[in-house]
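Below you'll find only one chain, the form predicted on its own, shown as C-alpha cells.
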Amino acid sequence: MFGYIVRRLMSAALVVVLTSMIVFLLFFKGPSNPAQPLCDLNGKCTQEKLALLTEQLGLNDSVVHQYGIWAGGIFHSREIDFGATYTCDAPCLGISYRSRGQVTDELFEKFPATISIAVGGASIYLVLGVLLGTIAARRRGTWVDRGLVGFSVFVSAVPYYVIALLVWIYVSLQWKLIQDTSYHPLTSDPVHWFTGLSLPWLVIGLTSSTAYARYSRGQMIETMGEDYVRTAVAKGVSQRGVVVRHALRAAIVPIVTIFGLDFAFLLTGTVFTEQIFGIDGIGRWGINALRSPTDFPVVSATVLVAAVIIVIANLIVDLLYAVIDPRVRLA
C-alpha cells in the first residue's frame, strides 16, 4: 500500500510539472503576443511601446529561461516589470494586467466561493443519485423504476445552463422564493452563506443526480445478481442488509471513481453557475479575463489551477479506490 501511494504521488507530481510547462508554452509561444493586450490597456499602442513591453516581459528570451523564472516565482518572490515594477510574493502566478494585483491573492480570494458551490452541489447529487438509483434497482421493472429512468433521461437531455437560467428567472426573479443567490463567506455569515448558495446547490444537485441515478441503478442490478448476494439472501439476511452491506458496498466503487472526477470538473467548471447566479468565483473570474484585452496571467493561472485540481482529484480517487477495493493494492 505504501509503495502504491508513493508511485501515485510521484506520477501526480510529474503530471503537474508537465502541465505547467505546457500551459506556460501555450501562452508564451501562443498565436498572439502576450504583450499586446497589456499595450492596449495603456492607451494608444505604438510599435515602440509594444517592443518595450515585449522586452520587459522577457518575451525575447528563450522559453526555457522564462519558464525557469516563472517556476522559481512559485517558491520565492520575484519582481515583474511592465511599465512599473511589481513585487510578486511567493507563490507567484503573475500580476494581473487589469487590476495590477497579484494573481495568487485574487485566486485565493475567489476560490472559497467556487469550493462552496462544488461541495454543496456534489453532496446533493451524490446522495440523491445513489438513493434514487438504489430505489430504481430494488423496484426494477415497476412504474417507479420506469418513472425514475424516464425522468433522468429527460433532465439529462436539457442543457444545464438552460435549467439554471430558467430556475433563476422564475424562482429568484419572478416568484421571489429565493432572491439572494450571492456568495457570503462562511466564516463571517454562515446563515447567508447557506441561503445564498441553496438555489445553485439545488440546481447542480438535481440536474447531476440523474446521471448518478443511472450509474447506481446499473451497478446495483449487476451486483444484486452476484453469487455472494444470493448467498446472503439464502442465509436469511434482511433485504436492507443485503442492499446496504453487500450490494451497495460493491456497487459504490465505480461510482466513487466517477464522483471524484466529476467533483474536480465541478471545481474547475462552475462557469455557468457563477455567471447565471452572479457568484464571483474562479469560473467567472477566468471568463472575464478572456474578454478583450485578454488578461493572460489570470487565464494561465486558472488553467494551471484547474489542471492541478484534476490531478489531485485523480490521486485522491486512486487512493480511495485502493482502500475500498483491496485488489487495487496489489496492482
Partner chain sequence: MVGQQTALAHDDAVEDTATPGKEIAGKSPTQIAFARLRKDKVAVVCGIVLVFLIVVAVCAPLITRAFHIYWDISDPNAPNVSEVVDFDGFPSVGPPFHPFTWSHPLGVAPKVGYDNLAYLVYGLRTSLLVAFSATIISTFVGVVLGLMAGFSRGWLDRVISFVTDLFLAFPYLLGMLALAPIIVSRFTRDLDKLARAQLITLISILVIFGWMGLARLIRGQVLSLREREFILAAEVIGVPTRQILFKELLPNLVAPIVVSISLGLPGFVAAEAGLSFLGLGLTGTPSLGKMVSDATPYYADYGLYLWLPVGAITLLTLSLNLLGDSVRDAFDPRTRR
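Since we're looking at a predicted model, the values are computed, not measured. Numbering follows the first chain given and starts at 1.
A second form of this protein, the form predicted together with the partner chain, is not displayed here; the remarks below concern that form.
Chemist: Ok, 108, 228, 75, 154: which has a heavy atom sitting within 4.5 Å of the partner chain in the model of the complex?
Modeler: Checked against the cut-off, the match is 154.
Chemist: Considering the partner chain in the model of the complex, which of 52, 41, 287, 59 comes within 4.5 Å of it through any heavy atom?
Modeler: None of the others qualify; the residue that does is 287.
Chemist: Going by heavy atoms within 4.5 Å, which of 200 to 208, 100 to 108, 249 to 257, 167 to 175 lines up against the partner chain in the model of the complex?
Modeler: Of the options given, it is 167 to 175.
Chemist: Hey, in the model of the complex, does residue 221 get a heavy atom within 4.5 angstroms of the partner chain?
Modeler: Residue-level check for residue 221: yes, a contact with the partner chain.
Chemist: Though only this chain appears here, would residue 9 touch the partner chain in the model of the complex if you measure heavy atom gaps against 4.5 Å?
Modeler: No, residue 9 is distant from the partner.
Chemist: Would residue 265 show up as a contact with the partner chain in the model of the complex if we use heavy atoms at 4.5 Å?
Modeler: The answer is yes: residue 265 has a heavy atom within 4.5 Å of the partner chain.
Chemist: Determine whether any heavy atom of residue 275 comes within 4.5 Å of a heavy atom of the partner chain in the model of the complex, and answer yes or no.
Modeler: Yes - in the model of the complex, heavy atoms of residue 275 and the partner chain come within 4.5 Å of each other.
Chemist: Going by heavy atoms, what in 145 to 162 lies within 4.5 angstroms of the partner chain in the model of the complex?
Modeler: Stretch hits, in order: 149, 153, 154, 156, 157, 158, 159, 161, 162.
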